[in-house]
Ligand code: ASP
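A single chain comes next, written as structure tokens; it is the form predicted on its own.
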Amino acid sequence: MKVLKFGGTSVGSAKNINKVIDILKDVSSGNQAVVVVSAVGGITDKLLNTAQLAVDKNQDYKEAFKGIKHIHLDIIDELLDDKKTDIVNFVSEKLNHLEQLLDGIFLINEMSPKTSDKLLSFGELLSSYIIAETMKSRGYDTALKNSQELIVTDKNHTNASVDFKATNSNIVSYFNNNTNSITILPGFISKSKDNEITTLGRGGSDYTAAIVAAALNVDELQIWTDVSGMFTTNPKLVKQAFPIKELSYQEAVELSHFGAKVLYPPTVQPVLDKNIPIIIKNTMAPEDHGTSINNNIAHGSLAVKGISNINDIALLTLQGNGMVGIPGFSKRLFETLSQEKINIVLITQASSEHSICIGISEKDAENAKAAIDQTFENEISLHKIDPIIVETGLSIIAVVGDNMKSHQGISGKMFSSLGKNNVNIRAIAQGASERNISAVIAERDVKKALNTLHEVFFEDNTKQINLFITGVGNVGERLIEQIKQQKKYLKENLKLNVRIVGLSNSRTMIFDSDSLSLKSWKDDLAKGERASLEGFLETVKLLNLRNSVFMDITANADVAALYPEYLKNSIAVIACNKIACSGDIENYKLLKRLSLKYNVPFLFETNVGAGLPVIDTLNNLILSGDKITSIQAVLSGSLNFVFNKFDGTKSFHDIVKQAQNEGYTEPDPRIDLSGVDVARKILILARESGTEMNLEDINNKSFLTKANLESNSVDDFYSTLISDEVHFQKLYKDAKSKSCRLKYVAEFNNGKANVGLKEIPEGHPFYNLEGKDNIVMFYTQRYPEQPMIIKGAGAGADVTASGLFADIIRIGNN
């Protein structure tokens, strides 16, 4: 014999009831089956809402009742083509009784727990009758038995306790004399010894099924619902969640207690005592394996089986020096809450005995505070303890698994991954069994926490990186294309799932927490909301995604000014923009401190050398204990391009114009030709080497004329280049006469830095530097004579994008 329970969604429509009947046809073949059914999906809540309208003297309760009536009659109409008159009449009569009860509630303006039980019992009584009669009409050997005649309870209305001795006797007696293949029972409902209607609490249909299964000592208990088992975590919040194949009874209890709604916690106990397996199946997909709950768990199963949460938690803290070494505080605290019928969800106490923290339902917080403050009124007045501290807006997350105790580092993994994602832990509780590690966090962080922990414990070490990109010009566009091309490779080979979830240009911005389309992003961005730097930051914070990374691919000082806010919220920053790292030294140091304080990366590799690993190499040298003595470099791909092309056959004006047209200079070429950009780059390298200096400390000897430097616009600048062509030709001819080539060089030595145009002789490493290439020579204590040289393309959208991509990989591997 098997016992099957079908939840509200499973019997929520004629279509679903037909699926239930198909399942029963297969299950009952050659075997007896007991079928426990819930009320039609949503009806229990509708009954409560309708009754509340009546209590509030709101005449709309009549319309609400009509809605309940139509739901049931419509289901009958769809299930039964003919021979339904008697069924409709019976259901209508029951509904008339329900209406009369609601009218009574309206008149007396009150609904007691006793009346509530009577009201809610209509849901299961109606659904079980409709299903039983439908099956009979289709020729199934079916009987309907009212659970109220079997399950005996006390008078604790809305959550009655079962008298198992009387109940088991009733169940065994009835089924010993029952020969029907299928017996339908309404779940949730029962009666007291005094024959008063009672209920077993929300989720009580599961409990009904477990009580019957244990009394009859059946082969298995099947719980049929609208999901394919108990999931590793809430699939509504974590898309990667998947059904757990097998759980122990204890693991199932822990998960169900901490918010896994598939199973009502008391369900487990009756079948646990009899070692009866529980199988959770999906009515909509009966072929799915589902979850098996039993004591015969396969050897070597996962250490962590599931991650769950409870929302709407309040944390109460009782603390004070007067508690230390004084027995009885805990007893008085818990007695006070017990007298107020307030359930404690979590307890933690410091070993110093200075404080006790308890987690309770947020709805009980106000009552709990008043009661506790009254209990400890004397101690509070004498300042031995503080008035109770109440924190709301919290949730509890729990990591559950029987095998956690035999695996070191589970709690370390849990808390380090949460910490990296700025999820603050308010309290921690862990039992000696190590089956459950619970933590209290802000409710706003639940989604991020669950996704973070699920990634760590279940997703084959795949790490999700969520990118928010500001600036989608040439470089940004190339970066998006590179991510699109490499997305699959990164996931398969580096276990990195890189997603772009926010984009902004100077006009519009778009977001999608499930990842923006990398095919239609341009069209989507064109239709986006109006861009705002503060608005972009606030949305990144509001989405609160794990492993969030802000990428600045602009040259905007206002964007750079927001880096501290991103870092303070544990959002990594990747900066192509040089302004932050070459601005005031105090701001540079602040960003470094924030990066360390909040354990969040601040990377800016592309500030120097575009895609070349200049800063990374420099940092590795220093981290390994080496010391930089001097740096010599050609750091401007645009200036190198200009002076490589400038050979006396074309005007300097035309060469600069060509460099701008080919994208090697900024839209305003004065930024490149003035040497300020190179000065910023050598400043960044000097700072990364450990020297504190500002931009004004760098000697910048410009090769431009006074007219060039004082030009009022880009057009004016180009005009001065034409006027001063003789000056530039002379620079070229002087270098050529000495068999030298012109290179714009940056130098750092003995704490001082300078940039300027130099005549480079043949044989020097800079002499044959072609095109837009950069070169950096690091002289260190380990490389005193032959420097470490990094050389390659130092400008261009593709190589700069690849440098940004490398920073993303660095964060992913962090």
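All residue numbers are counted from 1 along the displayed sequence. Model, not experiment: these values are computed from the prediction.
There is another form of the same protein, the form predicted together with the ligand; it is not shown, and what comes next is about it.
When the ligand is placed as it is in the model of the complex, which of 37-45, 65-73, 771-779, 754-762 ends up with heavy atoms within 4.5 Å of it?
Only one stretch qualifies here: 37-45.
Even though the ligand is not shown here, does S205 get within 4.5 Å of it in the model of the complex, heavy atoms only?
Close contact exists here: in the model of the complex, S205 approaches the ligand to within 4.5 Å, heavy atoms only.
Where, within 752-766, is there a heavy atom within 4.5 Å of the ligand in the model of the complex? Residue list please.
The stretch 752-766, when checked against the ligand in the model of the complex, contributes no residue at the 4.5 Å heavy-atom cut-off.
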